[in-house]
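Before any questions on binding or motion, here is one chain by itself as structure tokens, the form predicted alone.
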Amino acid sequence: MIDPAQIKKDFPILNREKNGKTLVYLDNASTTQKPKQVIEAITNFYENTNANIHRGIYDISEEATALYEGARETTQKFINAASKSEIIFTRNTTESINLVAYTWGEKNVQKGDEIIVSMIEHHSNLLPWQFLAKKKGAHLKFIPIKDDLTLDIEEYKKLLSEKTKLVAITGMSNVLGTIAPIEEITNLAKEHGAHVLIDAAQTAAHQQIDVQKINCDFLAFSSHKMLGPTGVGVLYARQSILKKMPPFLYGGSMIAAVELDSAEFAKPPQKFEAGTSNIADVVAFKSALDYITDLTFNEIQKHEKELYKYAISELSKIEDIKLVTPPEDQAGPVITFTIKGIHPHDIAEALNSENIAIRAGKHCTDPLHKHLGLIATARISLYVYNDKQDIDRTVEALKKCIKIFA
């Protein structure tokens, strides 16, 4: 069983105090904190192995290359990709999705084609397709949500046709916590010959991902949302698709041969990793993946579900709070809410005075908030180092907030 008290010891920032109170960090859907193992991996790289990769014929360069490629292999195993060549390192989920839009999308989406996304998408999985559709004369369609805030799969089935070129869907809503049935969505898309991209930014830290089982064509996620450093994203894509995709960026490292008037590109994944990579942070990302793997997803989910149920129970006792969450069995560790008469920014500021960090705003989902008739929401998002004491402090702070504004 996960013991948050023990896990907290691995996260130096959680010792940070304000007015004699230690930090309660509940903004994990935005970014997670980093364990000392990850921090030490970054320091160790710069102190002992700092060199460019894939180029130098000297010890520390070869060691740096081995560490970097070792992180790629760990990532491959983490999501069960068929080959490490299907793993491309980017800056973040946003860049991974844009890479697909600007390469595969530009080449394959034509006038009259249709792209399906959902009403719960983060802007990162909406705007690239919105602008691609406008540029190419394609049409964007949206899977609606039901009253219980889950995706309407029956309506999705009606949207699919021979015109469907791509279905781009989040694995979990960063606002509602709604978990999408991505295998079902993928299988239905495949019946119509469509490609599928999964935005796993909110999924990769909480659920075991098996890209071969899901049968998706693309999958994107970020290191910083799963205990790793910022500035590292992952794009998984089928090898057969990568070979046909044009490069995203042009320059060093992504070529096999160059003439004054032509160039031959390297094979994937180097074809899509132009220039000097974020080497140290990729190396440290491996430490984050190892940390999660050691905890096991089975135990992570047990802990999160128990804590989620406790939080929902305690928050529901506060009369003025309105929860904006799906049914518990279809929810990830995200709890979004409003308080009557208090702007979410004021809620977040009141909690900050108690050294409790939550998120408030539209969470990069303007269309969803408009659909729900909400100007903004407050959000609590949980992870492995959170415990019931964190929830108790948050509940007391919210009660205090309501009294102040009353």
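Please read all numbers here as calculations on a predicted model, not as lab measurements. One-based numbering along the sequence shown.
Beyond what is shown, the protein has a form predicted together with a small molecule; the following relates to that form.
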### Message
Using a 4.5 Å heavy atom cut-off, which residue among H195, H303, H122, K286 comes into contact with the small molecule in the model of the complex?
### Response
H122
#### Entry: The single option of K165, H224, R72, K271 touching the small molecule in the model of the complex, heavy atom within 4.5 Å
H224
### Query
Though only this chain appears here, would I380 touch the small molecule in the model of the complex if you measure heavy atom gaps against 4.5 Å?
no
### Query
Just to confirm, T103 within 4.5 Å of the small molecule in the model of the complex by heavy atoms?
no
### Query
Looking in the model of the complex, any heavy atom of T178 within 4.5 Å of the small molecule?
no
### Task
Report whether the minimum heavy atom distance between T94 and the small molecule in the model of the complex is within 4.5 Å.
yes
### Query
Where does the small molecule sit in the model of the complex: which of 287-295, 149-157, 198-206, 305-313, heavy atoms within 4.5 Å?
198-206
